[in-house]
Every structure is written in C-alpha cells, then in structure tokens.
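Two separate entries follow, structure 1 and structure 2, each one form of the same protein chain as structure tokens.
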Structure 1
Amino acid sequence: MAPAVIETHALTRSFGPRRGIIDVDLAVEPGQIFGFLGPNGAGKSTTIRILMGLYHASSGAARVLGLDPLGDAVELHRRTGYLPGELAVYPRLTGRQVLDRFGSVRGLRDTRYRDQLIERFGAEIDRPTQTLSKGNKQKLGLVLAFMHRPELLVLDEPTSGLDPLLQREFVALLEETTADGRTVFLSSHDLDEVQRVVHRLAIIREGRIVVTDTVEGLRRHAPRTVELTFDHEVDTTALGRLEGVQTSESSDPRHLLLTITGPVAPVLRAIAPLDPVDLLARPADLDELFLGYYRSTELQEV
C-alpha cells in the first residue's frame, strides 16, 4: 500500500487564550480528493498552514509527501500547488507578470498547460492585481496552483468568488487531476461543493476532528426521510413502535412524515398493510448530515 500523501498525528496548535487545533489526525491517500469540512473559524486554515510549513505546531506530528513541512519546506513547495484562503500577490504587477515570476521560480519552461488554464478560467492577466475583483484573483490563484502539475494540490476555499459555470469547470479540473494520479486536499465550508467531488472527508469543529468517512458512509448512518400519502385515515401506532423511527403528522391526517435511523426493511413491512397511495423517500444530503452531526455532538457535550 502506498504511503499517505498527508499524515498527521495529534497535531495541535495553540494561540495563547485563543483556540487553534487540538489532536488533529488525518490520513490522505494518493489519488484522492479529500474534503476538509467545517464552518469558518473551525481550524481549517490553521491546519493547512501547518501542513504547508507556514505555522509551527505546538505539538504532534505532520508529514506531507513524506516530508517535514518545516525542515523540507523548499522541496515540499516545489511538489505542491497551494491556494490560500486569501490570496496575496504583488499588487502592482499584472497577472501575467505574477505568473511569469512564479513560473520562473518553479523552473516552468513549457507554459502550454498554464495558458490552457488561463483560457479555461478566463483569467484576467493584463491588469495590475490590485485592480482585480475577488473572483478574478481567485482565477489567477487557481492557475498559480495548478500550472506546474504538482503531485499535491492544497486548496483553501478554492471556489470563493467563482460563478456557477466556473465552479463546474473547477470540478472537472479536479477530476482530471486525480485521474492523473495526483492528490487534492480541499478545504471548504461549501457543503454542496464537497459532496459532489470528494472521495473522503473529515469534519472539523472547534479545532477537533469530529468524524472522518466517505460521503456515502456518512449517509448510511444518517436519517432518511419517507413521506407517505393516503386516501384514507390510518392508524400509525405500529410505525411509531419501530426502532429508529420517528413519525410526524401534518395538519392533513392523510399525510405522514417518517424519519428513519434504523433498518429500513421492518418499516417497509409495516407500511405495506396501510395501503399508501404515494411514497417519497430521499437520503439526507451533506448539509443535513453536517448540521445533524453537529447538533448530536452538542447534545452529547451538554
């Protein structure tokens, strides 16, 4: 089995009285799109800055591409494409000048792929970067991160400021990247974005990892919703007695909403004799999973 591209053990960073991150354990396998999910202020950017050698950890350990982020920073940055949450570039240089300078530092001689990315995202490269909008700066940042085809992409809120069309283009680029055997570590609070692209994810809350799983793995343990419609009044007592089932009756007695956290087969057997005229079932999306997991965690801590 290939070694993990990113691996951390009990990674901790303190900022005096301010919370940082606490005992963060991560393992990102080669060729994955790994989602790092959490609300603003949860510790995503702090973790990324440690992985990129920009912060010292207070304790714990991190290896990225088998390297020490601090001791091997030059080699790590050569093999990594990094897009920070707030891109800072030389304000008076044009986008083209910025790309040329970064390309020169990286020894990038063949600029064909870079130029394809510029066209693909419609990056504005002939104006000073200080005049660019948030979206246009983000396009420039994406080109900077991807243009040298790095082994690892570390992307902090990468679609911030992009319109929906370019967000879809970004998803296609991620899929191409991992199809090429490269790895993406994607930090986001955009739940819809994450559930569409990641292979595996970790959720961080108040500096701690609260769950690591695949999206489908989380869905399997999440509540499913079933809506039933009848053309007659029904006795729902039997449904309410089932393990892992909650019933919610609406103002219309012929409409019933079930929330199911247990096995589905007993529920289906109990529903059949009631002769519903319609049934609508849907899994929880990542938004519901995320909020539901946080609520359950808060209840456990009270």
Structure 2
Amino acid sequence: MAPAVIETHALTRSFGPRRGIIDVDLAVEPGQIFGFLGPNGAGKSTTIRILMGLYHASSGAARVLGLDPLGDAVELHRRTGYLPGELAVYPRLTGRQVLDRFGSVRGLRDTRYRDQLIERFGAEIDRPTQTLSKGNKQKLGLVLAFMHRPELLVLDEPTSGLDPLLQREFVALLEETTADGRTVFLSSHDLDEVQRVVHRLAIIREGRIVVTDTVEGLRRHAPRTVELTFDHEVDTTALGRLEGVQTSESSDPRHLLLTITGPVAPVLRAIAPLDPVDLLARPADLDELFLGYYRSTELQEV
C-alpha cells in the first residue's frame, strides 16, 4: 500500500480542560477525498492547523506528505493547497496582488490554470480583500489553494458561503483533482454534501474521533425504521429486548415503530409470530446516525 498522505497518531493539543483535540488518529490515502466532520468547536480547525504547521501539538505525531509539518513547513506549503477557515490575507491588497504574491513564492509561472479558476468561480480579484463578502473571499481562497495544482489540498470548510451553483462547480473541481491522483482533505458540517463526494470520512466530537469509515460502511450501520400494524393487541417486550432495537409506541396501540441498528434477521424472526397485518420499512438514515454522533454526551444525558 502506498504510504499515507496524512497520518496522525494520538495527536493532542490542549488549550485547557475540555478544549482542543485528544488522541486524534487519521490516515488519508493518496487519491482520496477524505471528509472531516464535526459540530462547532469539535476540533476540526485545530487538527488542520497542526497538519499545516500553524499550531504545534501538545503530544502525538503528524506527518503530511511524509514531512514534519513544523520542521518542513516551507516544502509542505509549496506542495499543499491550504484553505483556512477564515481567509486573512493582506487586507489592503487586491485579490490579484495576493494571487501574484503567492504565485511568485510558489514559483508559479504558467497562470493559465489560475485564470481558468478565477473565471470558473467568478472570483472578484480587483478589489482590496478586506472589502470582499464572505463568499467572494472564499472564492479567492479556493483559487489560492488550487492554482498551483498541489498534490494535496487541505480545505477547512471550503463550501461555506458558496451558493449552490458554485458548490456544484467545487464538487466538479474535487473530482478532477482526484482524477489526477491528487488528494483532498476537507472539513465540513454538511453531511449531505460530504456523502456525495468523499471516499472516507471521520467524525470528530469534543476533540475525539468518534468514527472513521467509508460512506457505505456508515450506511450499513445507520438506523433503519420499521413500522408495524396489528389488528390485535400484542406483547412487544421481546422485540424491545433484541440487541440494536429500540421500540417506540405510538398513541395507537396497534402501531409500533422500531429503530434497528443491528442485524435485521433476528428482528424479522421476532416479528413474524406477532402476526402483523402490515409492515413499512424505511431505508437506512445516515442523517440520523450522523446527528447521533453530533449530539454531545451532555445533551444525550438530559
């Protein structure tokens, strides 16, 4: 197997109790689009800043493109396209001046691809960056990240502020990027958007990774809902005792709602003798699973 493009082991950064990131393990393979999801304050930007050598870790290890993010920062930034969560670049310079500065630092001579990107995203490049709207800053940030065709893109919430048409354009750009064999690591809040583009994803909550899987793998474990209708009274306690099954009664005692997160066969066997007159099954709900991972433990206890 090719060496991982991003690899972290027990990466930890504390800013005080209950803040920062704890024991983050990540492995991003070449050519992948890897999604990094989690609620506000979960630790996405902190992790990304460590990967880009902008924060030091309190403990643990990170290698990016085989490099040490702090020690090899110059080479790392040359070979990577980084889109920060909040673009803060020379507020008084115009977008064009910023692009030229970054371009010359990176030794970018052929600007055709850059100009295509400007056109494609309709980036506003003739005004001082401090006067740009959030969306227009984001477009400039995307051009900055992609213009030198880096082998790795590290994008902190790349689509925040983009309108739906540009979000689509962005997805197309991601697909072109990985078709070249290049790698993308992106953070997001939007499961819907992420599940359409990523090969793998990790969910972080309160500084810890709670799951890493493919979208397909997640879907296999996502809850399914089954609604049963009876024409007689039934004793459903046996169903409720099955592993991975939650029952919720409705106001009508002849209706029963099951949420199944485990294997379905044992549930079907337990249902059959109850003699339902109807059964309605809904497909796996990734949203529900995702929200389950999102909800903080404190909220769950309430």
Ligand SMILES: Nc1ncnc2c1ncn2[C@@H]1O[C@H](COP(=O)(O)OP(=O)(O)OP(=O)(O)O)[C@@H](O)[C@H]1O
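Under this definition, the rigid core comprises the largest set of C-alpha atoms superposing within 1.5 Å between the forms. Keep in mind that this is a model prediction, so the values were computed, not measured. Residue numbering: structure 1 sequence, from 1.
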property: Form selected (criterion: the form predicted on its own); result: 1
property: Is_shifted Asp25 between structures 1 and 2 (CA, 2 Å cut-off, rigid core); result: no
property: After fitting the core, Pro263 CA displacement of 2 Å or more between structures 1 and 2; result: yes
property: CA of Asp68, rigid core aligned, shift of 2 Å or more between structures 1 and 2; result: no
property: Value in Å for the CA shift of Leu239 between structures 1 and 2, taken after the core is superposed; result: 8.2
